[in-house]
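Single chain ahead, by itself, as structure tokens, in the form predicted on its own.
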Amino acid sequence: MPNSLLDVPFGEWGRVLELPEKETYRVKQIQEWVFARRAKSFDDMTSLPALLRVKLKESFSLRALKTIGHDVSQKDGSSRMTFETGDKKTFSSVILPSRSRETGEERLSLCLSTQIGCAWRCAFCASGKVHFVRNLFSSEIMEQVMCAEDVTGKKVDSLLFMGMGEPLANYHHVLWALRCLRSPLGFGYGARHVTVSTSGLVPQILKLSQESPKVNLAVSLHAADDETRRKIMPKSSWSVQQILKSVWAYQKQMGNVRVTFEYVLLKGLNDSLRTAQRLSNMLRGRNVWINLIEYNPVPGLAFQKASRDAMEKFEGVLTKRGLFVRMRKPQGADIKAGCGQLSY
């Protein structure tokens, strides 16, 4: 695959382009074209000398992803984009529309994928049934934002690292993508508009707290005890308490940023009142949100979604104990873009 300019740290752009000292200002011009003007090719960068544009084309790619599919839900307006990479692999990401409570304006969130396939094999998830192929490059992660804006004609407001793959298992590329997405020299997203999700990779959570720009953290917990969690997430090597300890360390290091716990309610497995009580005991008094998620059935898997009554009672236990809970509204299930449904 050709090298993407987006995979090169900003501080090295002048060096890799062999710009003389008096022309280092060209780096800012290129950044302006890439991030502010969203140039799709180096030929578009008309303020650059022709020779520099030729050098850029010979040395780097700018847009490697091709959008080969765009399916829109007839139920809720969410959509699934399917991409082809430079080495002819395919994967998807999901655009989630919503309305601002303050202004009523439409807002777009983008569920970014970080891997092609997933090796973590959460038992309820369609992605876990897909053979792991490779990590996505930083450029391929960031290009999803550009493609979503091309498809919708609108700015993406929030980024959720919740698509296919375990983001922290692709640590190096995700870290550079986060730095570029957050940087005012890059995409310029604010901290509260970027959320990294993880199934609970403890060493990487701790490492991220030291090396990443400030971003929100979401943890796919799905259980309040180790035995149940191993049934749901058999590849997880860490106990619930180890995960929580790393999360509190992350939160402290990041200045008490909000942490979200994702919890898919599965009938007869993790939806009891006793489980809700145990979960609330672990999380009460912390700056956390809990997303209760209605399970989206996956063909070939035996799990069933919890009943509406069980979900409401579960929520009631948590809210009565002072926890902030959101019953997440299902989106995209009719186009296989709902939570836990993302596969090829």
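Start at 1 with the first residue shown and count on from there. Bear in mind the structure is a predicted one, so any value in this text is a computation, not a measurement.
The protein also exists as the form predicted together with a small molecule; that form is not presented, and the subsequent description refers to it.
Q: Quick one: find which of 270-278, 163-171, 81-89, 187-195 has residues within 4.5 Å of the small molecule in the predicted bound form by heavy atom distance.
A: Among the candidates, contact is made by 163-171.
Q: Report the residue, out of I293, I30, I290, L62, that has at least one non-hydrogen atom within 4.5 angstroms of the small molecule in the predicted bound form.
A: Answer to the contact question: I293.
Q: Would you kindly say which of D76, E149, D157, E262 lies with a heavy atom within 4.5 Å of the small molecule in the predicted bound form?
A: In short, E262.
Q: Could you confirm whether S220 comes within 4.5 Å of the small molecule in the predicted bound form, counting heavy atoms only?
A: Result yes; S220 sits at the interface with the small molecule in the predicted bound form.
Q: Verify the contact flag for Y250: yes if a non-hydrogen atom of it lies within 4.5 Å of a non-hydrogen atom of the small molecule in the predicted bound form, no if not.
A: Answer no; every heavy atom of Y250 is more than 4.5 Å from the small molecule in the predicted bound form.
Q: Does S93 make contact with the small molecule in the predicted bound form, using a 4.5 Å heavy atom cut-off?
A: Output for S93 is no: heavy atoms all beyond 4.5 Å of the small molecule.
Q: Using a 4.5 angstroms cut-off on non-hydrogen atoms, would F137 count as touching the small molecule in the predicted bound form?
A: F137: no, not in contact with the small molecule in the predicted bound form.
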